[in-house]
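A lone chain, given as structure tokens: the form predicted on its own.
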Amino acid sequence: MADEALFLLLHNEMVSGVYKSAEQGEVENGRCITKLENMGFRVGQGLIERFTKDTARFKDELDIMKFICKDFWTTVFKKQIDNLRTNHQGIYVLQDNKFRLLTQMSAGKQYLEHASKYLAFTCGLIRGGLSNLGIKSIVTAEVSSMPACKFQGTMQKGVTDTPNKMFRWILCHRNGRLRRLTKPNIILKT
């Protein structure tokens, strides 16, 4: 429970810090969401790297999205996604009816315009995780009533790695140390 409270506080401070710097003229207001999404992208890459190191390969995109909805979401937000929908053509909609980062805000409609800045980090989190699993995507978020939200992931065809490829861990011997490489085409010679 304490780790959840710390995550919520850290996220709120991160959002307010980015927007305070925008008010001081350091960053344009339009770039704040991009900055938050980029932070989430990097965190998503790191988390997926840790979470998938002991899992078997995924068969296809749908298996990857099921992993994101069940295991990844449960680890980060302490609950599974409520609904996953797809058109089987690269568009996935993840619905969370009680999204943790929005539950602290009032359910009133006056806060709907501020919801996007609290969802940008999570969009980046999903995009970064998918990126590290070999899928290039565009992730957007939509809120119609608080605290429910929908994340739509559009997978970009033709720019993914091979469908069965996920992280491959290669151990190399260099200077008496074992190292993990995340790119299978890089081999260090000793």
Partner chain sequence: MAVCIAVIAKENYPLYIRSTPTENELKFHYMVHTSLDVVDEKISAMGKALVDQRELYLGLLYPTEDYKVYGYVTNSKVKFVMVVDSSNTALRDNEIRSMFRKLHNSYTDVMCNPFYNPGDRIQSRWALLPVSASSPGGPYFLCPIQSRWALLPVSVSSPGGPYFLCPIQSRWALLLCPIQSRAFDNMVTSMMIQVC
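Numbering follows the first chain given and starts at 1. All values reported here derive from a predicted model rather than from experimental measurement.
There is also a form predicted in complex with the partner chain; it is not shown, and the following applies to it.
> I'd like to check something about residue 132: if you look in the predicted complex, is any of its heavy atoms closer than or equal to 4.5 Å to a heavy atom of the partner chain?
It does: once the partner chain is placed as it appears in the predicted complex, residue 132 has a heavy atom within 4.5 Å of it.
> Does at least one non-hydrogen atom of residue 59 fall within 4.5 angstroms of the partner chain in the predicted complex?
Heavy-atom contact with the partner chain at 4.5 Å: present for residue 59.
> Could you confirm whether residue 50 comes within 4.5 Å of the partner chain in the predicted complex, counting heavy atoms only?
Output for residue 50 is yes: heavy atoms within 4.5 Å of the partner chain.
> Could you tell me if residue 70 has a non-hydrogen atom within 4.5 Å of the partner chain in the predicted complex?
Residue 70: no, not in contact with the partner chain in the predicted complex.
> Which one, 139 to 147, 31 to 39, 117 to 125, 50 to 58, holds residues whose non-hydrogen atoms are within 4.5 Å of the partner chain in the predicted complex?
That would be stretch 50 to 58.
> Does any residue in 82 to 102 get within 4.5 Å of the partner chain in the predicted complex, counting heavy atoms only, and if so which ones?
Contacts from 82 to 102: none.
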